[in-house]
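Presented below, as structure tokens, is a lone chain in the form predicted alone.
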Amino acid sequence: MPCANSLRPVLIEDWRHGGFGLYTHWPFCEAKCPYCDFNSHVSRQIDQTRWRDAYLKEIDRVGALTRGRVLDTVFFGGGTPSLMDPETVHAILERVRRTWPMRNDPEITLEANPSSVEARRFRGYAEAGVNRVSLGVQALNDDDLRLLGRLHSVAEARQAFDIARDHFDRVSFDLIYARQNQSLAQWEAELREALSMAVDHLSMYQLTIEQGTAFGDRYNAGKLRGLPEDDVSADMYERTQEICEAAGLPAYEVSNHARPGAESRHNLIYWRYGDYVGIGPGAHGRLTLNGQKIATEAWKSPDAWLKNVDQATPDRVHRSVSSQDAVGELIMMGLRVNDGIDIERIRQFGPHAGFDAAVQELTDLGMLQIADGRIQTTPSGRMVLNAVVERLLPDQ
């Protein structure tokens, strides 16, 4: 094995396998959803000018480190990026275009809440250069939207979706299933309703109870009742695959479905272990610099991030990724997507001694398959993906 804090020279250009993207984190929301463990904050006073200037300064800083690279994607995540002024988005994208050469058809995504207030900003985002919107619909049931702490109604979500389709080439939306007191039949009906909206990309996540969230606190106190049993949740997952496949939106990743050609190119950079810049509070990045994979993580507190941007120290973490950690990240991310991972790429990083035996064992169990030199999870393997990944990782 290579030493713990270096990578083999052959990996200098490895990021090209996955591409190059920019993630910009907007940390503010109108309210904190009880299930959310993302880095988001509620603030009634936001100095848009100061935030715009901080993002521009960060683009200049990281642009100098990655000069000449062709940028494939830009993603505005959060938080709720649709609370950003369109002028702020415009200024960021103008600076991005001046900093990196961009592919001919870059994917530029902005996450948005489907409220009527935020939908009125869609025209401005489109004029700024955004060409894809991801709507946080989460449920097509008003009672469940209230339980999830969402501020919009189903009617508003449908209206926002229609407005988005008028302004953007591509529109996705998120749904959460395995909600409180939700039956399999109810989820099937809701999923079919979503598919009837002529959507070309759906992200569907099973409700997970994260510690440190309001739902986590209620669960610990025994007050979060009505969550489906594990076998019901598994049935919901399987029916989701079947219904979406039949509707022409097959899964291309564990939680994401799309019509062919409508996959999220930005998220594929993560899953294919490409390089991505992460700017904004709490944003993570992976950059290949001077032949080494570098992990970055920005300061989480909005105030701390702004202060450290002014001091040119925005990253709380800036470290080399060891070969062992890199192969682990490649496996964890790459097995999420249907096309899997190039075996030769794994070997370049240096897998652990028991890797081949683990692959053979999981293949014999029907959890993995090898096709065209790539390791891929089977449908059975995706059902227990965490266990598959754990078996392939080296002992720590």
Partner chain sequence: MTPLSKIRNFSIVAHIDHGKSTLADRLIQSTNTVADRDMKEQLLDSMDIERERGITIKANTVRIDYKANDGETYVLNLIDTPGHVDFAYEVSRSMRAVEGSLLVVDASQGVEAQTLANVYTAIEADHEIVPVLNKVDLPAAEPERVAEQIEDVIGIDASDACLISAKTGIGIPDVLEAIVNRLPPPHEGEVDAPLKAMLVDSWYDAYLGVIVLVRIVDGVLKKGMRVKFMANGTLHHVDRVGVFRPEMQAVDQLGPGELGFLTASIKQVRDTRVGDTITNDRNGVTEALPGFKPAQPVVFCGLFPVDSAEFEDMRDAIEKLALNDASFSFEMETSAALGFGFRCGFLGLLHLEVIRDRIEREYNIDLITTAPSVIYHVYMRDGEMIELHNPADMPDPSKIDHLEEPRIKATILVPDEYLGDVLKLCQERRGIQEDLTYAGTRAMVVYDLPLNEVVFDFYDRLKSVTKGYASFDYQMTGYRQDNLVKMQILVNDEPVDALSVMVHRDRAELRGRAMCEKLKDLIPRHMFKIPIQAAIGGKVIARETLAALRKDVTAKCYGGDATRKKKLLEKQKAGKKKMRQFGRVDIPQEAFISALKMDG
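Positions refer to the first chain, counted from 1. Since the structure is predicted, the reported quantities are computational estimates derived from the model, not experimental observations.
The same protein also exists as the form predicted together with the partner chain; that form is not shown, yet it is the one meant from here on.
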| item | value |
| --- | --- |
| Candidate site Y237, R286 and E329: all three near the partner chain in the predicted bound form by heavy atom within 4.5 Å | yes |
| Heavy atom within 4.5 Å of the partner chain in the predicted bound form - the one residue of T313, S153, T208, Q186 that qualifies | T208 |
| Option from 26-34, 333-341, 57-65, 43-51 whose residues, in the predicted bound form, bring a heavy atom within 4.5 Å of the partner chain | 333-341 |
| Contact test in the predicted bound form: D105 vs the partner chain, heavy atoms, 4.5 Å | no |
| The partner chain contact in the predicted bound form: R382, any heavy atom under 4.5 Å | yes |
| Interface membership of N256, the partner chain in the predicted bound form, 4.5 Å heavy atom rule | yes |
| Contact label in the predicted bound form: D85 to the partner chain, heavy atom within 4.5 Å | no |
| Sequence-ordered residues of 255-283 touching the partner chain in the predicted bound form, heavy atom within 4.5 Å | S255, N256, N267, Y270, W271, Y276 |
